[in-house]
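Listed next as structure tokens is one chain, alone, in the form predicted alone.
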Amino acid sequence: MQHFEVAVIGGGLTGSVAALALARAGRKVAFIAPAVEDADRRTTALMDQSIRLLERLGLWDTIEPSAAPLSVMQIIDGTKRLLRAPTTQFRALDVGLPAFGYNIPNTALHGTLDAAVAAEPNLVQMHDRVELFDFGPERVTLTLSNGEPLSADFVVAADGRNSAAREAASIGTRRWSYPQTALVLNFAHTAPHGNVSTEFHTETGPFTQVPLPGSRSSLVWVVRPEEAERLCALPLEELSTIVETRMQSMLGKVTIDAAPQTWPLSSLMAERFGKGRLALVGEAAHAFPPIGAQGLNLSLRDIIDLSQSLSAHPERPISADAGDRFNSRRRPDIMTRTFGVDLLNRSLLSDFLPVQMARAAGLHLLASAPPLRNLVMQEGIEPGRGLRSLFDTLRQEMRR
């Protein structure tokens, strides 16, 4: 029976990055995930901390030509409500960065990761499913769908919302859904985007344009399910006109590349994010609506933390409580981001006047208070970054 130090279960972007990061950290890794043939036309906005991870893994130089920098992010109140918030801009230069991050087609991410995984000598890729998990005190025994057994010192579950590894470990979840569906599409436009991403807040959710290289952008448009169905049935020319109008023609004439993909919105949070010889990463641990570019960035922070922990002493066996320690470290970040996104999304949907007042007041404060705005920007890029910057500034002032 083959034995590995780490078994990463589940593919996708999260599983691929986890397997590669742990293999590059010196662990012998089994990467177990069925082959996926569906085209993923979505894009992903990765913040500065995530880009640094791709650099450390030697992937960024290959990905960068397909990416567009996010130099300015702005929020526009696109509702017709009585209380409307001011337009609020966040500029990367204000926090000392040329860009908050980059928007990248998922096809470019998948292609680069697939090539790196295939070439990694410390990693064995298996296009299969795990049918049985046996979490023992000394190791985990896995039985593949072809009947082959293997063992591992530690399991990383990156197998999505319906994680079989999470279920086998008897870890429950809290799930909730929203009366919303996200339309995802890419489009060309005649006016330059200037590396500016614009998020319109509407009564049904965010309408978010994110730059792509050249005169192209991606769009995540959150609407009610029946409206999503109606929009998807329209000819692309008519849908292009609707998108252009919704964007107030700020990017000129819009031409949609291909039919949109749709994704019903829901959230999930596991009761715990690690247990014994298991760690949950990505949507096996947490999932929420596509607001504020938090989803995959939060998943990559899972991987950064786990990789640092398991690679601190690669010559030592992985301890039996590594999953419990991972759970304790990740809980504050995951809970804060999950409930923060949930609160923002519900505030957009709420017709309750005090909620609308609070949301408008918060954006007014951000627009008029640059120090607070800078703190929020840095915390959005990397948890703790804004507070560290604030303390550094205070220390410098005290020394003067």
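The first residue of the sequence shown is number 1, and the count goes up from there. Source: prediction; values computed, not measured.
Same protein, other form: the form predicted in complex with a small molecule, not shown, and the subject of what follows.
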Verify the flagged residues Thr14, Val130 and Leu296 against the small molecule in the model of the complex: is each one within 4.5 Å by a non-hydrogen atom?
yes
Heavy atoms within 4.5 Å of the small molecule in the model of the complex: which stretch among 114-122, 166-174, 235-243, 276-284?
276-284
Find out whether any non-hydrogen atom of Ala158 is located within 4.5 angstroms of the small molecule in the model of the complex, and reply yes or no.
yes
Consider Pro260 of the chain shown here, and say whether it contacts the small molecule in the model of the complex, taking contact as heavy atoms within 4.5 Å.
no
Answer yes if any heavy atom of Ala45 is within 4.5 Å of a heavy atom of the small molecule in the model of the complex; otherwise answer no.
yes
Can you tell me if Ala320 lies within 4.5 angstroms of the small molecule in the model of the complex, counting non-hydrogen atoms only?
no
Residue within 4.5 Å of the small molecule in the model of the complex by heavy atom, from Gly58, Pro65, Pro332, Pro34, is Pro34
Could you work out which of Val184, Leu231, Ala188, Ala108 is the residue within 4.5 angstroms of the small molecule in the model of the complex, going by heavy atoms?
Val184
